[in-house]
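The chain that follows stands alone, in the form predicted on its own, written as structure tokens.
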Amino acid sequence: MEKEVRVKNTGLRGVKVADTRISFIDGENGILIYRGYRIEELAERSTFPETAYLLLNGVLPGRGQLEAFEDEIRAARHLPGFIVDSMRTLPVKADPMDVLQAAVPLLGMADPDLADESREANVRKAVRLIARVPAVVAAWNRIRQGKEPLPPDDGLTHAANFLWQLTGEKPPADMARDFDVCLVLHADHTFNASTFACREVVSTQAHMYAGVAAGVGALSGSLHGGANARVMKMLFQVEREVKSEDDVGRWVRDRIERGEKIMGMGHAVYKTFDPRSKILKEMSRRLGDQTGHASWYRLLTRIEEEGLREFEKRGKSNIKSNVDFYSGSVYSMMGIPVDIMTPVFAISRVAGWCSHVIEEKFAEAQEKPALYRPEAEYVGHYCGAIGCSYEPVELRA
């Protein structure tokens, strides 16, 4: 009789569960592609609305198509009044990600296309989510401070309008462009945890808002979203504990020897530098000079350099900086609070989530069952083929 071999628990790592045409990662060579386009080129030449159009529709838009798409986003920015009213009833110390996850189903209730499952209706839902998720995040940030949410400014770009509604200040054009690039960089990343959550939920034929709410929930977990906020907390700790930049090496070495992580270094997929990190590193340097926070950039580069050196000594040369390492400093320099950084991730990633929802619902040739239904290896108590004998409660020891 052959001995049964148990399947190792992998967390689905390396298991291909579906086809996608939306994005691709070559972790060995540090390549990220959206619909065939390298992330470096999109960051340099595209905008977030154009990239969102690409993710949703599979092609770059023409001039008229892009303008119409931007107009649709602009027209959908206003939040229904009952959603703002509901946020006013929430505890002011509620986590912004919990508020966002609670708001997404409310947005669905206000969507006239909620019950329409045609592809065209799902694209319209995606546009509303792309427009309104930033509005929810900005409104909550002001409500919790005892301030009134600000109306959208139709004269501002998608990126600039969010910074305006969040902070109450119109951002300089170059800062708005930098934030737009950040949104491009975070818009999709294949079957990460939150994207898979979206796809798994809508595989049951649930609507887009149910899937996106699941994505927000997955992103709220400490092993997925929030790493850039933890990088900033680490940076503040270094500022407190390190007397000079020359002592950073000792701080990094001591941290690694204690078995603690260098936040923002290492990635589940990339075995070399994350291509997004290189773009954000230069952005952090530039913004540091402009905003008076150049010391943050200098400290981060020293932490990165010392971390790379220490990991190399330990035979872990594949641990390098990822997208979160410099993005936290970039967001802080833009006036974004640390606990709003993960919601900002959602503001960008909602474009990818919606694109994956549509692909899951309308893939031309599904080579998988319509419903995700993995199996598990039972390792619990077992009493033979007939099961355990149930005893009345008064007879149990």
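Predicted, not measured: the structure shown is a model, and the values here were computed from it. In case it trips you up, residue 1 is the first one in the sequence shown, and so on.
The discussion below concerns the form predicted together with a further copy of the same chain, not included here.
You can rule out all but one of 295-303, 124-132, 158-166, 86-94: in the model of the complex, only 86-94 has residues with a heavy atom within 4.5 Å of a further copy of the same chain. In the model of the complex, Ser118 stays away from a further copy of the same chain, with no heavy atom inside 4.5 Å. Interface residue remark: Val99 is counted as part of the site for a further copy of the same chain in the model of the complex, having a heavy atom within 4.5 Å.
The closest non-hydrogen atom of Pro337 lies beyond 4.5 Å of a further copy of the same chain in the model of the complex. In the model of the complex, a further copy of the same chain lies farther than 4.5 Å from every heavy atom of Ile358. Here the marked residues Gly11, Leu42 and Ser220 all reach a further copy of the same chain in the model of the complex, each with a heavy atom within 4.5 angstroms. Contacts with a further copy of the same chain in the model of the complex, taken as any heavy atom within 4.5 Å, map within 269-297 to Val269 alone.
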